[in-house]
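To begin, one chain is listed below as structure tokens, in the form predicted on its own.
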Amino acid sequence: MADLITTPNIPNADDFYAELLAAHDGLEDAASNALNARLLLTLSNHIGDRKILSEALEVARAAG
């Protein structure tokens, strides 16, 4: 099992961030929230490791 990576790990992160913002462009709040939920579930399924997913939830909650 791998450990959760919390250091920058996305090549061209600024480009990805711009793409993420563009995906939300023009959406109402409910549609934007639904997009975030679908993205989260898609990526969580891809990761598949419950330990990593639980750790990610803890890190995200503590940061907010």
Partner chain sequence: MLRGDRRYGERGLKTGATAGLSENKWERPVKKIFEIPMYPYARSTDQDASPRARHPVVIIGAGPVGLAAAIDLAQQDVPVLVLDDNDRVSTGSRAICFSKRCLEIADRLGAAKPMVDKGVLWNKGKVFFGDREVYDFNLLPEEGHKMPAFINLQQYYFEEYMVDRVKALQAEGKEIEIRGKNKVAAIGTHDTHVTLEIDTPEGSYNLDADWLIACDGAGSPTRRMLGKDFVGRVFEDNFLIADVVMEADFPTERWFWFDPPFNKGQSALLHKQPDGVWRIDLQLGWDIDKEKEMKPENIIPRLKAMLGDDVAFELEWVSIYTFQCRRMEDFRHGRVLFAGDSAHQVSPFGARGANSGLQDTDNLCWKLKLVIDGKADESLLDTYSVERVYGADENILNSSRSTDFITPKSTVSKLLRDAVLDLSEENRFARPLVNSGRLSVPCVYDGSSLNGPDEGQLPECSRVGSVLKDAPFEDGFLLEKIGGKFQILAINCAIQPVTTNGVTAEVVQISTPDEAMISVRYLGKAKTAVYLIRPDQVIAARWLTADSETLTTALKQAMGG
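Numbering follows the first chain given and starts at 1. Treat the numbers as computed from the prediction; the structure is a model and nothing was measured.
Form predicted in complex with the partner chain: not shown, discussed below.
With a 4.5 Å cutoff on heavy atoms, H24 counts as touching the partner chain in the model of the complex. When the partner chain is considered in the model of the complex, A2 lies well away from it, no heavy atom lying within 4.5 Å. Not displayed here, the partner chain is kept clear of L43 by more than 4.5 Å at the level of heavy atoms in the model of the complex.
Within this chain, A13 lines the site of the partner chain in the model of the complex, having a heavy atom no more than 4.5 Å away.
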